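Starting off, we have a lone chain in the form predicted on its own, written out as structure tokens.
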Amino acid sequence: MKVCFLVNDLQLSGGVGVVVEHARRLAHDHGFDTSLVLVREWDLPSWRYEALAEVRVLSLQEARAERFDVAVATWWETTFSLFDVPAERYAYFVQSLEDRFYKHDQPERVGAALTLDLPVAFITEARWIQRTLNELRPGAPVHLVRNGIDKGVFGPPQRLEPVVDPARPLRVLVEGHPGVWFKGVPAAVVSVRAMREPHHLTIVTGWPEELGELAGAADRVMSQLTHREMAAAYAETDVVVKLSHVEGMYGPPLEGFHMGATTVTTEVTGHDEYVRHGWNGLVVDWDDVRGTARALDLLARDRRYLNFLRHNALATARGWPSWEQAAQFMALALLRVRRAPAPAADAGAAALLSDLRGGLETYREHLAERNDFARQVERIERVKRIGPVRRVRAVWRSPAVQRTVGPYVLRAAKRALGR
């Protein structure tokens, strides 16, 4: 079976890593002819995946000259090129609802949402995404393929060494891109810094230059780690702190589970795939620095509870599928996509037009807000350019001041006149 996965680039990221691993396993374990199609012009990536040795990497122009059994988009922007690739069937690997990666006034938010209305089969990695897609696109095929873990790298230890020394600082790890708002890296670092109990903080990021003053809160900053180096860092960790606002099915806490660490995390989408509050980790609120710090202080003081959570986290990890098992489900999903009838060309058309109309209405509201703000700024600038007396008069005569201050001044004048 000949399959291609469309990607924007091959830079280091969790989402691209999942796609690369699936492509490699499909080729190595199941005999698929797999390719990665780069839909953008690209330079050599600064970080290479070991798995690329077994997978072809094609440009979009090269892919247009071939024909595939299934072509799979893996990010909302890659859907723009999906139907340029000749294929018998088309699929969309949805790793998150990607419109949530953008603020409410960013046009990309609407664009990402509209791609879910395409006439394709869906593959996803989390149950919550599967449920959402079933609600958004009734009747569309949605296949669940959970992400695997490389048990050869993140190999669960046979025996978990308990933390018993009360004087040893709690070892905390924070991972992620500090410049991406929904990853919550600054909030995680600030929460650890707010702890009262002794602790040792490790920050792992591929973008250390974006940490700024946050780097000063860390005892150690690590960057550009291989998977084995990352596993070693988790093995030295008691707690992985992850305070994301948006996730699909995030990997770092799960990787930490495999190496004997527990987690303190927000109730972000996807956490319930493996985190159980009070059993193998602790779930805290968003934007609650003090509450998160208290949760960490609890684990620093109560070593029995810390070891309880770590032990159960390790048990959870042992039951999680390996990449070999995950690739079996991906192979099955792709075979089902290929064998099933192609979706009708108008599948999702009604939803697409409805979402497009909603997006236009939202954009119109944002544009009106910005125009109103621009007019207010212009009025303020005009007031600044006139003399002091005229400026006071102009401000006093403005409708906003008359509505808010005028009644109070009138009542005060009446009281002064004895009326």
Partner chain sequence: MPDWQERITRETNPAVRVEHDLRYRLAEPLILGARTWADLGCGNGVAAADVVAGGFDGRAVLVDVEQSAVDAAGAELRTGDAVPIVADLTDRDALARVREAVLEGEAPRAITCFEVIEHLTTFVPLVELLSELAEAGEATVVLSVPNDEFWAIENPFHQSAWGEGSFAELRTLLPPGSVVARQLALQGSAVVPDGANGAHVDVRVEPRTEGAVATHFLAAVGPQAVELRTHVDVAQSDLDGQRQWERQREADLAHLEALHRHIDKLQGQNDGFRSELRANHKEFEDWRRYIHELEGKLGLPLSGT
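Just so you know, these numbers come straight off a predicted model, no measurement behind them. Numbering follows the first chain given and starts at 1.
What follows is about the form predicted in complex with its partner chain, which we do not show.
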### Message
By the heavy atom within 4.5 Å rule, which residue out of V289, M222, L144, L136 makes contact with its partner chain in the predicted bound form?
### Response
L144
### Query
Can you pick the one in L160, A235, L335, A194 that has a heavy atom within 4.5 Å of its partner chain in the predicted bound form?
L335
#### Entry: Heavy atom of H277 within 4.5 Å of its partner chain in the predicted bound form
no
### Query
Quick one: does R318 come within 4.5 Å of its partner chain in the predicted bound form, counting heavy atoms only?
yes
### Task
Answer with yes or no whether W128 is in contact with its partner chain in the predicted bound form, where contact means some heavy atom within 4.5 Å.
no
### Message
So in the predicted bound form, is its partner chain close enough to H30 to count as touching (4.5 Å, heavy atoms)?
### Response
yes
### Query
Out of 136-144, 210-218, 113-121, 236-244, where are the residues with a heavy atom within 4.5 Å of its partner chain in the predicted bound form?
136-144
